[in-house]
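Okay, so here's just one chain, in structure tokens, the form predicted on its own.
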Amino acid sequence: MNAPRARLGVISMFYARPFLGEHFARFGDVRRADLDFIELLVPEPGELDLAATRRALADAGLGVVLAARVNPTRDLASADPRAREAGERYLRYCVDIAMALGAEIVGGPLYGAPLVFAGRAPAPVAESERARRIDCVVGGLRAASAYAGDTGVRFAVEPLNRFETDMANTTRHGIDLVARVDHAACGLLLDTFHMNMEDSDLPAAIRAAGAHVIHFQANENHRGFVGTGHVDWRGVGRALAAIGYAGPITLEPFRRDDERLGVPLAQWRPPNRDEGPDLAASVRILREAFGEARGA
């Protein structure tokens, strides 16, 4: 018997940011790339008509995963109680949006603590402050998970590299955090872009995370299209198969079409050509690697 095929999707930022109702035609492009879902940024109030979005997804035969947007004003790790409270309110809002759209996963650096790219420089953290931040994050995630309850919505907490947060950088950090939260509605999101920087062995890290993993993002070391970097996709696929992972897998290829000196690589750029063939090629590479691993 053939193993079920991997559930692959793409981040909405591949097409547009912000992704609005005028971009629903892109859902057809997602399907033509042999993808099963789209990962939408959690829409801010009024940004999307939720009922219309759900209908458009259904019409295209697509599932949906959500990516939360944290910032210093809604930050579970903040020393400012107003920011912490706003962070908890935002996670409850994410659950409500997920239910309206039919999404089962809300992922991202849900703990807050945005660092360099949000304008906060890294600094040493005193032990008492480290303990306070952990307590606040665990308490906030536990409360949000309790709010999700039995809705079917789960939070997927994502470790980011050292330049984007100083809370959870490695897979081991992520395992520690979700174990402290200890709630069925809170699991782990692993992203190979960040893992490539912070984990010494990607397959070993995936195996260590095991059943904690509820969402996965398959990205090259330089965030280009899959197959253009040095990530060992067959090794990643074998590790995912070893832990029995059957959840969603998102591609986040951020274009690298301007290599001039001084142009920031972290800056999002809109597409300026048809990248459908590149995306489809990435999907084929992953389907081959992951299908081979599942059939082994």
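Computed from a predicted model, the values in this text were never measured in an experiment. For every residue, the number given is its place in the sequence shown, counted from 1.
Just so you know, the form predicted in complex with a further copy of the same chain exists too; it's not on screen, but the next bit is about it.
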Among the candidates Pro271, Gly28, Gly61, Gly229, the residue which, in the predicted bound form, approaches a further copy of the same chain to within 4.5 Å (heavy atoms): Gly229
is_contact(Ala184, a further copy of the same chain) in the predicted bound form, heavy atom dist at most 4.5 Å: no
4.5 Å heavy atom contact, Ala266 to a further copy of the same chain in the predicted bound form: yes
Exercise: Glu127 in contact with a further copy of the same chain in the predicted bound form, heavy atom 4.5 Å: yes
4.5 Å heavy atom contact, Asp176 to a further copy of the same chain in the predicted bound form: yes
Proximity to a further copy of the same chain in the predicted bound form (heavy atom, within 4.5 Å), stretch among 154-162, 86-94, 140-148, 207-215: 154-162
Residues in 164-186 with any heavy atom within 4.5 Å of a further copy of the same chain in the predicted bound form: Glu164, Asp166, Met167, Ala168, Asn169, Thr170, His173, Asp176, Leu177, Arg180
